[in-house]
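Shown here is one chain on its own, the form predicted on its own, set out as structure tokens.
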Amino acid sequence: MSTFMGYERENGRVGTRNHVLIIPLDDLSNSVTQAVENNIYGTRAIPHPYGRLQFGRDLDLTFKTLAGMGRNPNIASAVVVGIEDQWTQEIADKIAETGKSVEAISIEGSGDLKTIEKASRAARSMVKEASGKNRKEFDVSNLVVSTKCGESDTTSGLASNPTVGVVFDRLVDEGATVIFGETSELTGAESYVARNCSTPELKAKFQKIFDDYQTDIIKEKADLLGSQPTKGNIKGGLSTIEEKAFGNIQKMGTKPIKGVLEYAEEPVVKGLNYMNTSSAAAEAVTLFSAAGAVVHLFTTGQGNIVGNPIEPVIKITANPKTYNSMKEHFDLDVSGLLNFEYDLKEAGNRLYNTMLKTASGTLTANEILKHYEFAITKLYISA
């Protein structure tokens, strides 16, 4: 059994990073959280444009995403900042369920400057405590790994996506939890995914999620050409969504699906899990992070550069032109697979070893370049 060096959290989950997260409840609180990040080394802020006058499922998803980011094992502790105290405390309480240290601070009645000072002092104490935590050795069954592709081309379906599939199969065999998604990008291959569900109940749940997504698109009378596939996909040789979908599902590997999850839902079973997500890169990776994924495997053909504030994103390509022209964004080049320099098993070994090093602390290109994209999925209009 392979091992990595991670951080054990109070609830027994294991992280690959050790950040103190500064969470704005709403758009009005962004400036405070960014000031705290600027003041205190070791903190990460996640500014976003939502939270005010959302309602129903849309508000629930925003809260679930924000709380999920704080609950992620890559977070040691968190400060939640909001314009008023009730909703701010709700997010803090959900994070506190994990046993982590968390503080809720509201701006009303104090103003920005006093709030920045209070939040900075709280964050300083949390960083001091977090810095004393040591990495320990854990077997890979403790990992939660997610995957997505972006700006795909012909090399994605032929090489980089199957490489992820090999790693996912190996992780499942070793008892880890792995997650894939991109609901609209399964169009044309959805029957294959449905057949791969391990029970009739999971199959029905997946099919309903997929059908509902299609219904929403049809209601809008939308022509997805240019979005699915994107213009970059078309330029890279993918002419239809069906062609793109069968390349996309190579990432899930060959194991049966053991869990079907809604947006940002934490998996409760090990093995292969499907999550309902947008195919937009930052939105999807954010949802995986909010569900507790601690390492992400991201394949790209044309050169997507997305990252994440708390989940290290390992960027993989099999396109030698893209790798050579955008080398600073990549962690692994598997173009040798298409040049017959090595086989798929060897490509999988290279990615697996890169993943273990990342889980043990090696920084990814997105972390070094400070690509910290955070994008909440919004379901409908606000009040």
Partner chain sequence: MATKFLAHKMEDSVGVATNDISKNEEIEGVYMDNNKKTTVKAVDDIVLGHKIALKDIKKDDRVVEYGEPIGKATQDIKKGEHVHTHNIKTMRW
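Residue numbers count along the first chain shown, from 1. In this text, rigid core is short for the largest set of C-alphas that superpose within 1.5 Å between two forms. Predicted, not measured: the structure shown is a model, and the values here were computed from it.
Below: the form predicted together with the partner chain, not depicted.
Residue contact with the partner chain in the predicted complex: D343 places a heavy atom within 4.5 Å of it.
At a distance threshold of 4.5 angstroms between non-hydrogen atoms, E220 is out of contact with the partner chain in the predicted complex. Using a 4.5 Å cutoff between non-hydrogen atoms, F246 counts as a contact of the partner chain in the predicted complex. When the partner chain is considered in the predicted complex, S125 lies well away from it, no heavy atom lying within 4.5 Å. Heavy atoms within 4.5 Å of the partner chain in the predicted complex are found in one stretch of 343 to 351, 23 to 31, 322 to 330, 42 to 50, which is 343 to 351. Between the options V306, I241, L171, M275, the residue in contact with the partner chain in the predicted complex by a heavy atom within 4.5 angstroms is I241.
Site annotation in the predicted complex: the residue of L356, L59, L338, A35 reaching within 4.5 Å of the partner chain with a heavy atom is L338. Contact with the partner chain in the predicted complex holds for all three of T154, L158 and R195, each having a heavy atom within 4.5 Å. With contact defined as any non-hydrogen atom lying within 4.5 angstroms of the partner chain in the predicted complex, the contacting residues in 154 to 191 are T154, G157, L158, P162, T187, G188, E190, given in sequence order. Residue displacement note: S156 has its CA displaced by under 2 Å between this form and the one not shown (rigid core superposed). N308 is not among the residues whose C-alpha shifts by 2 Å or more between this form and the one not shown once the rigid core is aligned; its shift stays under 2 Å. Superposition on the rigid core between this form and the one not shown places the CA atom of N233 2 Å or more away from its counterpart.
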